[in-house]
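Okay, so here's just one chain, in structure tokens, the form predicted on its own.
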């Protein structure tokens, strides 16, 4: 087995494709994600402002919008058509319109409005823009109403209770800063490990004649070791560089990383066993690894999927891995909560038993 392992290492040195998928591309991907998530969240999205009132109150609204984290007023336009052109040209994500007589309506107690036109093409950016503009509108409206009531002789506390009789006390438990990197970085970086583990293992198996279990293990071992090192670096980047919270057991997360690599190598062995060519196996591996991203619940909540799709989501080790990571890193769950997910991941290790004789 040791001799076979050494031979496999020599093969990595000779085969540029093998070396690229095993070392070069994964390292490049890690560097890319560090740069990509160097900023903690979505900030300073460019928007345009159409101020038809040009009053002191409308300028206060503009200042409040400018002070929000997600948006930045980059363009001041003179017509809605000019604002639409900025959106169509991709220079602005939205246009905020302050109507005529805005100040007069506010001071006289009449209902007025602020209009927001956004693209609707990017759910994330639209959500952040709508959240900040809505916060500004609500805060500004409440402030004007309180000032109006105080001018009429009401005390501040009573005016506040009149304007906002019910307020939501919101408590964000596991990501209080709404840091985008905390949510996406673990998913993207783990998916990178999954893709390179699966594809490289398939390539390694097709370039080596499997004659025994020892030969099979030796062929997979360079990928196992390399991806284990990369996953350890990934955890260091997540917790040490990006600053993803670690509230639970790092041991369970490390075990989950190991099981993620081994389970996808087992899937790779299955695809090699059932396919007749390297091209077919790589196609199966690529599709299977990427589609796991969708069914893990990161692009669409699993609980909101159709029942059939919820069942389908359990066919990917990645789903269980992300459950473990969220539970242990962000939720601070007890270590034994993740044992069931680890157990499900271990079931994938039985897949080579069904195709071993066909390798």
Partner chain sequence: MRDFIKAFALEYRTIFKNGGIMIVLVFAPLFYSLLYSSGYAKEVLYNVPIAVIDHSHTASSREVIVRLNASPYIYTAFQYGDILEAQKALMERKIYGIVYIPKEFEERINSCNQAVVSLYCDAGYFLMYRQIVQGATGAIFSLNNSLAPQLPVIYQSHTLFNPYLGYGTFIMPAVLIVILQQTAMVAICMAGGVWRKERLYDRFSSSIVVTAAKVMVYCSICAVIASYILGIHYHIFGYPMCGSTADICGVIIPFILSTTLFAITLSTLFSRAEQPLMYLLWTSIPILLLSGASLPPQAFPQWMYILGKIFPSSSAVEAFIRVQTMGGTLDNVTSQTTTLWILSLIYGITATFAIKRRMPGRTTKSRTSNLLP
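Residue numbers count along the first chain shown, from 1. Source: prediction; values computed, not measured. If you superpose the two forms and keep the largest set of C-alpha atoms that fall within 1.5 Å, you have the rigid core.
We do not show the form predicted in complex with the partner chain, though everything after this point is about it.
Taking the partner from elsewhere, no residue among 239, 342 and 350 has a non-hydrogen atom within 4.5 angstroms of the partner chain in the predicted complex. With the partner chain omitted here, the record of contacts in the predicted complex names 112 to 120 of 268 to 276, 112 to 120, 208 to 216, 223 to 231, defined by a heavy atom within 4.5 Å. Of the heavy atoms in residue 23, none are within 4.5 Å of the partner chain in the predicted complex. Within 4.5 Å of some heavy atom of the partner chain in the predicted complex lies at least one heavy atom of residue 337. In the predicted complex, at least one heavy atom of residue 17 sits within 4.5 Å of a heavy atom of the partner chain. Among heavy atoms of residue 141, some come within 4.5 Å of the partner chain in the predicted complex. This chain is drawn without the partner chain; in the predicted complex, the residue among 76, 124, 79, 104 with a heavy atom within 4.5 Å of it is 124. If you take 69 to 95 and check each residue for a heavy atom within 4.5 Å of the partner chain in the predicted complex, you get 84, 85, 87, 88, 89, 90, 93, in sequence order.
Here residue 350 does not count as shifted, since its C-alpha moves by less than 2 Å between the shown form and the other one after the core is aligned.
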